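Presented below, as structure tokens, is a lone chain in the form predicted on its own.
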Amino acid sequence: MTTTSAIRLSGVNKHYTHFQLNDVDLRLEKGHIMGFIGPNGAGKSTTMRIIMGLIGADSGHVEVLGHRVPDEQVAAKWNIGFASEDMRLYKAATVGWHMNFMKSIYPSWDDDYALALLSRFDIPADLRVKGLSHGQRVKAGLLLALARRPQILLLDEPTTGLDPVARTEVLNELIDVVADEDRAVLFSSHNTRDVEQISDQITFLDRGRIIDSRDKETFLDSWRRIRFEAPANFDMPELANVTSSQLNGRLATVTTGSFGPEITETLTNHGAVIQSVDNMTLEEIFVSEVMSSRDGGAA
């Protein structure tokens, strides 16, 4: 079965006593890196476990590289690489032992690539895992996933706790992964700076629901924070697609996820003096999306 989609989830639900994953629709194409952003406990890890077939969805459709999961998960898993900041390796074994172990399982293991990553990540192959720093352990786990040359990389908070140099090394390697446009990365994190740096697709998850999913440039191009001085006795006009507005004396701020010149024109026509129209960071956009969703009771 052929497909251009690396991952496709449709109407996926999973219910626990104190948490529910609700009606998740997610599509990731080959050649793309999707930043999967949400606060702790939002359901990012649960979604990844469902994709890997580690847990089953209560309902919905899950497809990975054209294989139905969990029914065809064995075929799918041959082409999935997984890494996370809390991945556990055998403490008494060396990095080289882990590499040889993975090589004995996966025919796709690339020796030259593995050795290049060892050098790039500055990891001694003969050092036991218990002697590695936290950053080295994270990079070793990523090396073991990357050197298999999987078509899909699932990364669950892979940069948590890394120093700036180690983070940059990891992020640069992930950018190279999708250069051939035949592989895809789902990158789960609550660190929006890392996601903004490398992702071209963004999905926001909060309390078990996807609240928005678009390409990164659309997010960054659409959102604005407008600051203006309001005249005396100013009444805020009706503005389409505004997620929040604040008026403090004569100073006011409007945030919108669908900016257009009509917003500033309407404010100006009501006597406002525009002071600035500012782009927003991905972190600011995420907070605005979550707050708007929660305030409005939206999914």
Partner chain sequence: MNTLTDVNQTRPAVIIRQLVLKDWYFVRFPMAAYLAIGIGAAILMSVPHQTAYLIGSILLLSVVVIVGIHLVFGTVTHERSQQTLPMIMSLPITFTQYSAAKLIANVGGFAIAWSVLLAVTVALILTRENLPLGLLPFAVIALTELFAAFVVILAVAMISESEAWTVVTMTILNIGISIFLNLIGSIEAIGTHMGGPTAVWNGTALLILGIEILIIVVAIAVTLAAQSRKKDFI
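Computed from a prediction, not measured in an experiment: that's the story for all the values here. Residue numbers count along the first chain shown, from 1. Take the two forms, find the largest set of C-alpha atoms that superpose within 1.5 Å, and that set is the rigid core.
Beyond what is shown, the protein has a form predicted in complex with the partner chain; the following relates to that form.
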Discussion item. Whether Lys130 contacts the partner chain in the model of the complex should be assessed with a 4.5 Å heavy atom distance threshold; does it?
Written reply: no
Item to complete: May I ask you to state whether Thr160 is within 4.5 Å of the partner chain in the model of the complex, using heavy atom distances?
Response: no
Discussion item. Please tell me whether any heavy atom belonging to Pro39 falls inside 4.5 Å of a heavy atom of the partner chain, as the geometry stands in the model of the complex.
Written reply: no
Practice prompt. Report yes if any heavy atom of Leu251 sits within 4.5 Å of a heavy atom of the partner chain in the model of the complex; otherwise report no.
Written response: no
Worksheet item: Phe121, Phe228, Phe82, Trp223: which sits within 4.5 Å of the partner chain in the model of the complex by any heavy atom?
Response: Phe82
Worksheet item: If you check Val242, Leu26, Leu267, Ala57 against the partner chain in the model of the complex, which one has a heavy atom within 4.5 Å?
Response: Ala57
Practice prompt. Could you list which residues of 77 to 106 come within 4.5 Å of the partner chain in the model of the complex, counting heavy atoms only?
Written response: Lys77, Trp78, Asn79, Phe82, Asp86, Met87, Arg88, Leu89, Tyr90, Lys91, Ala92, Ala93, Trp97, His98, Phe101, Met102, Ser104, Ile105, Tyr106
Discussion item. If I superpose the two forms on their rigid core, does the C-alpha of Arg193 end up displaced by 2 Å or more between the shown form and the other one?
Written reply: no
Worksheet item: Is Asp126 one of the residues whose C-alpha moves 2 Å or more between the shown form and the other one after the core fit?
Response: yes
